[in-house]
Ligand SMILES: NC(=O)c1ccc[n+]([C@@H]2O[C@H](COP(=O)([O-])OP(=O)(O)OC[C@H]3O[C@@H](n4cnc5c(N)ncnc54)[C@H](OP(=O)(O)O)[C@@H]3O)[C@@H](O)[C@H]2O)c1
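What follows is one chain in C-alpha cells, specifically the form predicted alone.
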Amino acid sequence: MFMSGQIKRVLITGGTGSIGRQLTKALLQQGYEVSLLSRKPGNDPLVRTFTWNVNAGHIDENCIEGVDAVIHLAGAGIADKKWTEQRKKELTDSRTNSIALIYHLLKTRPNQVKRIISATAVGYYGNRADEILSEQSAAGEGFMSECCIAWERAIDKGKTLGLPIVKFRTGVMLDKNTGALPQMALPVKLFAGAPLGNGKQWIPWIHHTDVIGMYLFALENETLEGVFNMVAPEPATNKQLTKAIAKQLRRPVWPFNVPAFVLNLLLGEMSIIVLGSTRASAEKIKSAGYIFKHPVLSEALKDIYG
C-alpha cells in the first residue's frame, strides 16, 4: 500500500472541491492519514481540517506537522463567473498565492514533507486545433495559458526546497454530479443536444476514477517526477462527446450545431473553454506505468451513468 513506508500522512489544499472530496475518501480507504486546508473548519471526524485565508496570507502553521506529502488542488472555479479583469486576477492569484503560502511555511518551520503533487490544467496549451500535444509542447496563448504558466511557475518554486514535484495538467473530468458533464448532458436530456461551434474541437476528457487513480499513483511511486497530462488515452471531439452522451442517455442529437458567435455572445472570452481545441496525449503517464481504468469514452460514460 505504502512505498517503502515513505508517505503516510497527506495534506490536501482545496480538499472540499469535487476532486478533493473523492481523493480524501480514496486515501482514507487506502489507509493514509488525511488533513485538509480549508477556509472553514471541517466536520469530518476522520479528517483534520486546518484553516487558512490565502487573500489575507494566513495559514495555520500546525497544518504541516507530521505531513509527508502535499496535494495542491486549491483554486477558484474557472467557469464560475464571467472573466472580468478582476476575476482573471482572482483565478490566477488563488492558485499561485496559495502554493506560495505553503512554501513559505515549509521554509520557515521544521517539517518532513517529501513530495508536492499539484493540479494544473491542459489550458496550458491553449487552442491548438488538431495538434497532438505532449508535455514537451510549448504553452499556448490567451488567458488560460497565461494562468497555467503562472500556476506552474509558482509550483516549481518548491524545487528550491529540494522537493520532488509532480504536476498534473488536468483535462475535462467526467463526473455525473459535477463539472462539465452535467452541463453538457442537460440540453441532451431536454432533447436539445447539439455540438458546439464546428464540433471538431478536441475535448481532453478523463473519467473521475482515473483522476483519483493518478493522484494515488503519484503518491505510491516515489520516482515519479515532472509534468503529466491528466487525460484519457483516446480524446474525443465535441461532436463525438455530445453523441456519446446522447447515446448513453438514449436521446437524439440535433442535426445542426450551436453557432460559435452565439457562445461568444453568451460567454465572452470564456467561450474558449467550450470552443477551444486541446488534443492532449496520455502517452507519458502510460509510459510511467499508470494503467487506465476507463480509457474508452463509451465505456467511461456507461460506467458513469450506470
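Residue numbers run from 1 along the displayed sequence. Owing to the predicted nature of the structure, the values given are computational and were not obtained by experimental measurement.
Keep in mind the form predicted together with the ligand is missing from the figure; the text below concerns it.
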Contacting member of 209, 145, 92, 120, with respect to the ligand in the model of the complex [4.5 Å, heavy atom] | 120
Have a look at 125, 228, 202, 151 for me and say which one sits with a heavy atom within 4.5 Å of the ligand in the model of the complex.
-> 151
Does the ligand come within 4.5 Å of any heavy atom of residue 171 in the model of the complex?
-> yes
Would residue 73 sit within 4.5 Å of the ligand in the model of the complex, counting heavy atoms only?
-> yes
Does the ligand get within 4.5 angstroms of any non-hydrogen atom of residue 18 in the model of the complex?
-> yes
Residue 40: touches the ligand in the model of the complex, heavy atom cutoff 4.5 angstroms | yes
Is every one of 192, 259 and 266 within 4.5 Å of the ligand in the model of the complex, counting heavy atoms?
-> no
One stretch from 216-224, 73-81, 106-114, 125-133 that, in the model of the complex, holds residues within 4.5 Å of the ligand by heavy atom | 73-81
Residues within stretch 42-56 having a non-hydrogen atom within 4.5 Å of the ligand in the model of the complex = 54
